[in-house]
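Only one chain is included here, represented as structure tokens and corresponding to the form predicted on its own.
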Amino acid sequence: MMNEKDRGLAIFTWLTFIVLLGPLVIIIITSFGADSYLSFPPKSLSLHWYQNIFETEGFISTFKTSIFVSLIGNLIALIIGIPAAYALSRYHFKGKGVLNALFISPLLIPGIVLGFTMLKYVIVTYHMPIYTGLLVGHSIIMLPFVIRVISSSLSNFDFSIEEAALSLGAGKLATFFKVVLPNIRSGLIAAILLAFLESFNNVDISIFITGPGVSTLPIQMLQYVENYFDPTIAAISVLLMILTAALMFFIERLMGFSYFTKK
């Protein structure tokens, strides 16, 4: 039998789940509504608004832009982040704390401030093309995720394995790519997925950097809501929730509790 304290905790837990998941359930249900406006509960059900997503050119083109920026920006963040994470985890040097704080600073600075700064000093002052500005901005916000996750994996890596490979005649680069990277593969994949999600769903920075003819999917969704009130946005939100849930599932399998249990 549950005592009064456990019963109260159970009720509080269920209320928390309702508050967190209730809006998501409402969005999912309204996305299947047949009416030309958002309503809950819907009077009838239809898949029309899911079809409308793929028939609207703005969503398709901005989805491609978001994918392109997230993937290329992710690659740039990895090129910078992997060596940085390795150096911060492997060596002790003067200024290490300052360098680590510098790499993590995009997480501490409000996105609106960072976005406005990018607009003023990257786009306006240096007349950087919009696509290039998007890549720079998204690479900056992905970099902390790459460094933090890979550094976490390297903290569990036994560097004596690397030293053994070096003592047997392997070169430093060969040792890094054949010994170090394979041993932190799970962390590397998790870093890529987390950084991708952060970039793909970003609004606060993208809204400052996008311009005529170039936009990302989240910004296109905001513009669509300004002119229409149909369930199309709810349908897109459901698809994005499925994508996010799938990626988070893979991240949990790679770096979550099951990963550390096996370790």
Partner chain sequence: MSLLSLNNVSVAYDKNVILKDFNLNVEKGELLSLLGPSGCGKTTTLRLIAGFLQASGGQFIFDGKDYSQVPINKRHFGFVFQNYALFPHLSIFENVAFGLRQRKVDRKEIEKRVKHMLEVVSLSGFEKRFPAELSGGQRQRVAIARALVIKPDLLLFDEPLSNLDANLRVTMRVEIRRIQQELGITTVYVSHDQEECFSISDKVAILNKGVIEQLDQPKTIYKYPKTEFVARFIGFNNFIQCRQREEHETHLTFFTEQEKFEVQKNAGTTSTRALKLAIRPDNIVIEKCRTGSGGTPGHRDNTLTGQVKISTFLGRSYQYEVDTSLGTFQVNREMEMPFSTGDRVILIFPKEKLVLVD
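Numbering follows the first chain given and starts at 1. The model shown is predicted, which means the values in this text are computed figures rather than measured ones.
The protein also exists as the form predicted in complex with the partner chain; that form is not presented, and the subsequent description refers to it.
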query: One residue of A165, L88, L114, I130 in contact with the partner chain, assessed in the model of the complex (non-hydrogen atom, 4.5 angstroms); finding: A165
query: Proximity to the partner chain in the model of the complex (heavy atom, within 4.5 Å), stretch among 135-143, 69-77, 97-105, 172-180; finding: 172-180
query: Any non-hydrogen atom of I109 within 4.5 angstroms of the partner chain in the model of the complex; finding: no
query: V124: touches the partner chain in the model of the complex, heavy atom cutoff 4.5 angstroms; finding: no
query: is_contact(S160, the partner chain) in the model of the complex, heavy atom dist at most 4.5 Å; finding: yes
